[in-house]
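This document starts with one chain, in the form predicted on its own, laid out as structure tokens.
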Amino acid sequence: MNLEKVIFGFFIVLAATLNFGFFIGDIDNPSHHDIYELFAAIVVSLIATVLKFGDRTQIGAVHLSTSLVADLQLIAAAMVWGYAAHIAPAGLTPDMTAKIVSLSGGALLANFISVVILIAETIMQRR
């Protein structure tokens, strides 16, 4: 068992599940989406990205790119949330909530691709 792979797999799956937990619910209902879960998804996704910096394989490069996409989407969602909650005159409207959830949906897709790559890499690994 490779401890580094276990830790990376843990953070990739945790990032995907936190992102899924934030994404699930009515797309335009702010009470269905918790800001702390979005924050946790961003932090865990950033940790997963940092863990992939040292991997020089082709699959490692794809892992890094999917993690970077997830990070950008989640950070953009947080920025839209911050704008809606603190700057926009209308506040956190259903329209803004739909934009935030859509951005997290893009990050969820990137996390899903990363999990699929992780599973494929694990299956292809020989002893």
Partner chain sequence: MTPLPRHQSIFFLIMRRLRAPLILLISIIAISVLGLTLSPGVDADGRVHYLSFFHAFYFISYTATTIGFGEILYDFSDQQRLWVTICIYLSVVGWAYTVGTVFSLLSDRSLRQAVQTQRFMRAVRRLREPFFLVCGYGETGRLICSALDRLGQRAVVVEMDENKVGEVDLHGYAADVPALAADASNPETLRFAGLTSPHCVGVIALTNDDSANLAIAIAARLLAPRLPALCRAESAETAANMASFGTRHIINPFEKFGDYLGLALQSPPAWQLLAWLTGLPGTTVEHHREPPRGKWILCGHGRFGRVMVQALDRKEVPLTIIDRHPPDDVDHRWVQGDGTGAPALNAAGVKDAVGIVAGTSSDVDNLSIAVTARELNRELFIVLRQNHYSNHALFDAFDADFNMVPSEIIAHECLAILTTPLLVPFLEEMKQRDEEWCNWLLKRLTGRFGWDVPTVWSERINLSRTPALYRRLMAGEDITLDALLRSPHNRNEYLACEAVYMERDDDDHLIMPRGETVVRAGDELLLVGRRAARSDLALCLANEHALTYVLTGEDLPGGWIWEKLAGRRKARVHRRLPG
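As the structure is a computational prediction, the values presented were derived from the model and not from experiment. Positions refer to the first chain, counted from 1.
Omitted here: the form predicted in complex with its partner chain. The next part is about that form.
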Let me test this: is every residue among Asp26, Asp95 and Ile117 within 4.5 Å of its partner chain in the predicted bound form, going by heavy atom positions?
no
Only one of Val80, Val69, Val62, Leu46 gets a heavy atom within 4.5 Å of its partner chain in the predicted bound form. Which one?
Leu46
With the cut-off set at 4.5 Å between non-hydrogen atoms, does Gly91 touch its partner chain in the predicted bound form?
no
Would His86 count as a contact of its partner chain in the predicted bound form, using a 4.5 angstroms cut-off between non-hydrogen atoms?
yes
Any of the heavy atoms of Ala76 lying within 4.5 Å of its partner chain in the predicted bound form?
no
Given a 4.5 Å distance limit between heavy atoms, list every residue of 23-57 close to its partner chain in the predicted bound form, or none if there are none.
Ile35, Tyr36, Phe39, Val43, Leu46, Ile47, Val50, Leu51, Phe53, Gly54, Asp55, Arg56
